[in-house]
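Below, in structure tokens: the form predicted alone, a single chain.
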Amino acid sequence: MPKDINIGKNAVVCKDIEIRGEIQIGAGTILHPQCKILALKGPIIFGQNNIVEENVTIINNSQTALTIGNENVFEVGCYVEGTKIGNRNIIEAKARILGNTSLGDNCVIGAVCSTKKDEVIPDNTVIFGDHNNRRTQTASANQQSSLHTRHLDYLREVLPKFNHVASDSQEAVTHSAHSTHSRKVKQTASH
């Protein structure tokens, strides 16, 4: 039987998503259609103002919580496991975070790149290229934060126009491998 999910204030959660287990969606976080948030063993806890795009899979296979900080972007088709995702990270299209990896703050996992299993990625790391090369990022966090805020504002305006979204008085629709379940979501003041 599915556990409740909690949706923070001003979050936008499209109904055409797959959610399993105990999930906390922080204030202002946006979940696009067709994403999968699977807390199979332990909970998944999102901070504030994250963006989870189409066909993203975020999965927790651990008994401990998978914590996701604030202002992260999970681009189309990426796959995320791990124990911790810090703040202001960009996981680009089809990138993979594997095993019990912990990702610091201000990191970029490039398109189609991957972490190793169970590694600790320090702050400001960029993984890029065919061989998952690494370097330290020097881009301004303030400039990225401003762009992220504009992106969130745009999505909050556009997604509800073209998708069914859950709100404090609606139901979020979840899908399991065998059937479709509806469950009431709880609106919370903050996360």
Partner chain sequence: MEPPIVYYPRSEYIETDTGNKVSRKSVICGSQNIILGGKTIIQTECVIRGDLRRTGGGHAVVVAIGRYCLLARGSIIRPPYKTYKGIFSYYPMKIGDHVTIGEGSIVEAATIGSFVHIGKNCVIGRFAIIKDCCRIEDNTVIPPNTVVPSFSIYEGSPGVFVDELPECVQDLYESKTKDYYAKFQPKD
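Numbering follows the first chain given and starts at 1. These numbers come from a predicted model, not from an experiment.
Below, we refer to the form predicted in complex with the partner chain, which is not included among the displayed structures.
Q: If we define contact as a non-hydrogen atom of the residue within 4.5 angstroms of the partner, is residue 93 a contact of the partner chain in the model of the complex?
A: Residue 93 belongs to the contact set for the partner chain.
Q: Taking heavy atoms only, is residue 41 within 4.5 angstroms of the partner chain in the model of the complex?
A: Looking in the model of the complex, residue contacts with the partner chain do not include residue 41, since no heavy atom lies within 4.5 Å.
Q: Is residue 134 close enough to touch the partner chain in the model of the complex, meaning at least one heavy atom pair within 4.5 Å?
A: It does not: once the partner chain is placed as it appears in the model of the complex, residue 134 has no heavy atom within 4.5 Å of it.
Q: Against the partner chain in the model of the complex, would residue 139 count as a contact residue? Criterion: heavy atoms within 4.5 Å.
A: Flag for residue 139 set to no.
Q: Decide if the three candidate residues 18, 60 and 79 all line the partner chain in the model of the complex, where lining means a heavy atom within 4.5 Å.
A: Heavy-atom distance to the partner chain in the model of the complex: none of the three under 4.5 Å.
Q: Report the stretch among 118 to 126, 149 to 157, 62 to 70, 42 to 50 that approaches the partner chain in the model of the complex to within 4.5 Å, counting heavy atoms only.
A: Of the options given, it is 149 to 157.
Q: Quick one: which residues from 25 to 39 get a non-hydrogen atom within 4.5 Å of the partner chain in the model of the complex?
A: The stretch touches the partner through 32, 33, 34.
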